[in-house]
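Starting off, we have a lone chain in the form predicted on its own, written out as structure tokens.
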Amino acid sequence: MRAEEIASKSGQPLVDPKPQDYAPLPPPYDKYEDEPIAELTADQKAKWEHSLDGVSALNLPRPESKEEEERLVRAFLSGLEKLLQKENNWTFLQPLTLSMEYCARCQTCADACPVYEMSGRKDIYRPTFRSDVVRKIAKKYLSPGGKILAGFRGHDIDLNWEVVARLAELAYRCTLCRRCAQVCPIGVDNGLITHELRKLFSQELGIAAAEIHSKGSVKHLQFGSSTGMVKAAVVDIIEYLEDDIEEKTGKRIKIPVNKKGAEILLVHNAGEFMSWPENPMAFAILFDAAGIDYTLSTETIGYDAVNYGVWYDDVQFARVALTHLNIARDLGVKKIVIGECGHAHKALSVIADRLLPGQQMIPRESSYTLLWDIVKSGKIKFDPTKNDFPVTLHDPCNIVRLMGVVKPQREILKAITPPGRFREMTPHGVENYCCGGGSGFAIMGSGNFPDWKLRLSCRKKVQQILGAFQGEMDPSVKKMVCSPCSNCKGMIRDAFEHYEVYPKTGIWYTGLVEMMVNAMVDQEQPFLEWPDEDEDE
């Protein structure tokens, strides 16, 4: 499909992803029959733009008049111009300009994109497709003589409401995993172009996925957490965690809160408190046993490391990141340690370094490296036979590919599992595939978008996980995916439920710290829980 076709006014979706086109899954899913992506209702179709692929992630309302269409098109073009100006986009202008100017269109990136591959290689999902559209619009409308020479220069694309609406949706068909940038022979970053598109739509047109803006960043700033969890609730939850730790370990462990002058401020994704409380519990058990001087914060925003702005809006990002840093500074800690949350890692380290002034910074460290230090120190004794089941490792994109933290988590797993039990996915490390829930997808549930992500964006991860355990698919043999990221766990949970993975294969998921506590010599009862254990009892 040519980029110019995005301006089509046919009224029909540009593509219609069908189950027969999807890439196949390995056994026992080699005969699995996928259901089609649910169609929007007639009422939804009448209200929402869906002419990209029949899917609505944004619930983008149709303009009510020709004048409104023209206003939105002008706003888009104005925003695009600002993206390419130093005074308006000094933070990302250089890599954006290089990516806009130097793509050789070799399509090396297409084969690296899981969404493109799993869709049956639909052209609109190529990493280069949306970039080419943006590039052609910029050359035609923002360069000298662009409109006059458009036909000769090969960028004769009409900018209309259809283009704007489809680009808005298309910006949310990419998980921003940056696998495309990794394989590009000249370093073009189509993921960055997609991120900048999202920023344009948010800051200039007020268009963003509700789950990451109004229910995400706005709620985070208003209440302290996108979960809606307020300070008083955090205090109650921490008390509950202490009780549960005592029940599981026989020890009364006090979780330090708002401790001035502690060595470390530990920040969790608040989703862990709500959905996987065993994760912050495991951190507390490990840190107590290792004698780590740390604290949690119950100050507003300080207890939720999530920063949704990193996915779509620099302004929203800066508001949250500055609050995190100010809380750490007020506590007088020496550094921030980021728990098992990939997006929090990227937000509070890589992107904060680019967007915020240097004097605002204090040291930040991944929990992976600190956990490996704990294992190497010998302060905690581990019995690998307690994790005597097949294990594979999921690499969160934002920690592994984007930050290069590859070795610590692997060394930990080798230390806490028996020889031969840990096996790598293919590929793994910096070449691993996204869980399918990156850039907000894991929490986005509007329209029929959940159907799209379960069938396409997370499909490659399911394929990878199944591939890691081929030959051991007897569901009575329990197997574990170690996924040390809250967002990734959320997407894997939803994918496993959709494909009924545990009852069909015996494969489950958990975090890294949970497996560490499970292997502790003085942990008398198993810390890990499997879905069918209540039934066994």
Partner chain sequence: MDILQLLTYLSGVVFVVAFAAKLLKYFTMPMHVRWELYPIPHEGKPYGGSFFEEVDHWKKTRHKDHMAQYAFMVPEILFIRALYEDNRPLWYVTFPFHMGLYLSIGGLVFLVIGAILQIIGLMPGTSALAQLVHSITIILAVIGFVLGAIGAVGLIIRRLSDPLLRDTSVPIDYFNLVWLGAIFVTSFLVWLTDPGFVVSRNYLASLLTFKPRPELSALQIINLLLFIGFWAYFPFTHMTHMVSKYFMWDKVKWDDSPNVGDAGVDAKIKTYLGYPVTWAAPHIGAEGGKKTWADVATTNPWTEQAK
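Positions refer to the first chain, counted from 1. The structure displayed is predicted, hence computed values, not measured ones.
Unshown form predicted in complex with its partner chain; subsequent notes refer to it.
Mapping the unseen interface onto this chain, E247 falls outside it, with no heavy atom inside 4.5 Å of its partner chain in the predicted complex.
At a distance threshold of 4.5 angstroms between non-hydrogen atoms, N387 is out of contact with its partner chain in the predicted complex. Among residues of the shown chain, N269 is not one whose heavy atoms approach its partner chain to within 4.5 Å in the predicted complex. A residue is said to contact a partner when one of its heavy atoms sits within 4.5 Å of a partner heavy atom; K215 fails this definition for its partner chain in the predicted complex, lying far away. For the options R105, K254, K381, R74, the one in contact with its partner chain in the predicted complex, meaning a heavy atom within 4.5 Å, is R105.
Put simply, of T295, S99, T392, Q464 only one has a heavy atom within 4.5 Å of its partner chain in the predicted complex, and it is S99. Heavy atoms within 4.5 Å of its partner chain in the predicted complex map, among the stretches 343 to 351, 451 to 459, 234 to 242, 412 to 420, onto 343 to 351 alone. Taken together, the three residues V15, L170 and Y308 all stay farther than 4.5 Å from its partner chain in the predicted complex, as judged by their closest heavy atom. Contact residues in stretch 349 to 379 (any heavy atom within 4.5 Å of its partner chain, taken in the predicted complex) are S349, V350, I351, D353, R354, L355, L356, P357, G358, Q359, M361, P363, R364, E365, T369, L370, D373.
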